[in-house]
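Single chain ahead, written as structure tokens, the form predicted alone.
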Amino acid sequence: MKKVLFVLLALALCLTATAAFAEKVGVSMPTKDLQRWNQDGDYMKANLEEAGYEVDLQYASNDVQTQLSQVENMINSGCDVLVIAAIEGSSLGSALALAKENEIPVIAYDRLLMDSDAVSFYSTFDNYKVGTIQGDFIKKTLDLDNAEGPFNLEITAGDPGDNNARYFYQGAIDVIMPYIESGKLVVKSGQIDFTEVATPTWATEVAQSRAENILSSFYADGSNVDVWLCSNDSTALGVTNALAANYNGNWPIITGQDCDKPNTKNIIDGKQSMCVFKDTRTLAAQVVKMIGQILKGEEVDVNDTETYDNNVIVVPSFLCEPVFANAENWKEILIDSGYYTEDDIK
């Protein structure tokens, strides 16, 4: 009996010691208001815990001061690595300085952390390629190299505080700008520059309000919108809502990104033409791998050491590959891969 008690006591002490010395990872996500961040956080936490780490996962409700405070608390609570998806890329300078002071590596997650030399690595999808996929889809669907045109185009880009938004925008613009310059694509609103088409916080209601203004100001004469370039799904949803309420012309090509459930339903219903799919499972798994390499003192996997300049340093990065889903392949991309079940999008 004493021997059994001794074994149990030893086991309990061992487990306690293991828990006490478990390496801790702080994960800061911007908001729960968008589906993709909930999925990112869930996948990240599950993968990290499966790998044996203690996880402090926090959502900042799209409030910069909240995120700043949460990250500082993660540092003060003894996190060994920080993973941060910033609300605004330049907003966390004091927290990043504190992380550097405490020798805590920082991985920028999906959104580049700007204006700091405390960023160790960046993991994301190829954001410029996201835009080129959208631009190429428009080019191919309208057959811009052969069709006579002209076609009417409007543009809704992302959050000016999110560094990725400019990459998405620029990737698409680089594909379609020659057709704008030649007159084959006509932007009736005249709103082309990123500062004119950006959508603060990627908010659906902001995108919808702007789209309603464009429709009432430039398409009340009954002319068609042939294509509406939207950088992501929350903005595409706003544009779709505006069109449904205020537009009687032929339904336009609408692009998107993230394959959110409402937008996937819109693809199935013919209300959205395509969506760039960034599998959050892939990104989460890559970040967990990088965390393990950091904590073991191993060389960290990166595949881009030139592109992502945060105004202070060029941050070593790992870029995952995006794909796109449309009415023809959404089931293969989203259902067969196990990302969604069919009940998820009924």
Ligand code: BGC
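Because the structure is a prediction, the values reported are computed rather than measured. Start at 1 with the first residue shown and count on from there.
Although not depicted, the form predicted together with the ligand is the subject of the following passage.
Of the heavy atoms in Leu34, some are within 4.5 Å of the ligand in the predicted complex.
With a 4.5 Å cutoff on heavy atoms, Ser116 does not count as touching the ligand in the predicted complex; it lies far away. Among heavy atoms of Trp202, some come within 4.5 Å of the ligand in the predicted complex. The ligand is not drawn, but in the predicted complex it has a heavy atom within 4.5 Å of Asp110. Listed stretches are 158 to 166, 265 to 273, 72 to 80, 217 to 225; the contact stretch with the ligand in the predicted complex is 158 to 166, by a heavy atom cutoff of 4.5 Å. In the predicted complex, the ligand lies within 4.5 angstroms of at least one heavy atom of each of the following residues of 250 to 281: Gln257, Asp258, Lys278, in sequence order.
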